[in-house]
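One chain follows as structure tokens, the form predicted on its own.
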């Protein structure tokens, strides 16, 4: 009965997206959103209903990191083992996570709470070793911090009080193309000016406002954006599309880059509901001594960046 229901649900999803450009990817995304992974029987149904070979469907499912052929836990932990993270003891962090969770990379805990994986690069090399948990980046991770990361994850990484959490601070952003400020002082979220952007998805075209507090995920938009929708984002001034060179490490959607005043870049995932984000402060300039530093020498203090020499 359960297999029959799965097949019926999958057929509905296939018929819903069959005539769309990139329809197979949309089908797999919706199937995974319902089951947390791609069941083998669902992939067979997609192949049968679309007239494609099962090999082709598996090829799509295994090409994108967002898809999983095995059930994933409620929380996904990714440990970067790229060159920069490797030389900074990234393998030791991965081993500590394996020991504390009682699983190997590529496995899920018996209680379905955690899935652990290792990846080649998360796009934040200067801050390694990097651990990514449910879209939240932990940088310069030490072995002694692993247990605390797991505790924070179980408690809820999104449970943030923007008025008290020291990880939340305002940033001033500008368009990386025309250098025009993206802040709108007349529209507030979290009692701060918002980041004003133009977006489009499907047949909708309108405005979106993001909180300018780094660490807050509060947004407002002219149109309701369905969960898992990838939006195209544009500067409201020069109308250039804001799209990064790399894809989201979690869901493979395009990243949206915005420049930080004083130097550096913030990138957020363009998929509604994905909380993946990167702050790269390489080549930032201290606002007091005007020296240029690498990002691991930059410290935030009340939303302004100071280098260690000044602090």
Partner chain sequence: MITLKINGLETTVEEGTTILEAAKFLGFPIPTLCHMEGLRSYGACRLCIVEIGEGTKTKIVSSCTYPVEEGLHVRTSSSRVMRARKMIIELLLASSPQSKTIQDIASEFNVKQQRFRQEHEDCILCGLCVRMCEEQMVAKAIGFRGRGENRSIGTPFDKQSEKCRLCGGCMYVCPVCSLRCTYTEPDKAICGGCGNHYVPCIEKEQFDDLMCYMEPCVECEISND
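Note that the structure is predicted; figures quoted are calculated from it, not measured. Positions refer to the first chain, counted from 1.
There is another form of the same protein, the form predicted together with the partner chain; it is not shown, and what comes next is about it.
Of the candidates 246, 50, 62, 34, 62 is the one whose heavy atoms come within 4.5 Å of the partner chain in the predicted complex; the others do not.
Judged by heavy atoms within 4.5 Å of the partner chain in the predicted complex, the contact stretch among the candidates 251 to 259, 53 to 61, 268 to 276, 238 to 246 is 53 to 61. Though the partner is left out of this view, residue 43 does reach within 4.5 Å of the partner chain in the predicted complex, counting heavy atoms only.
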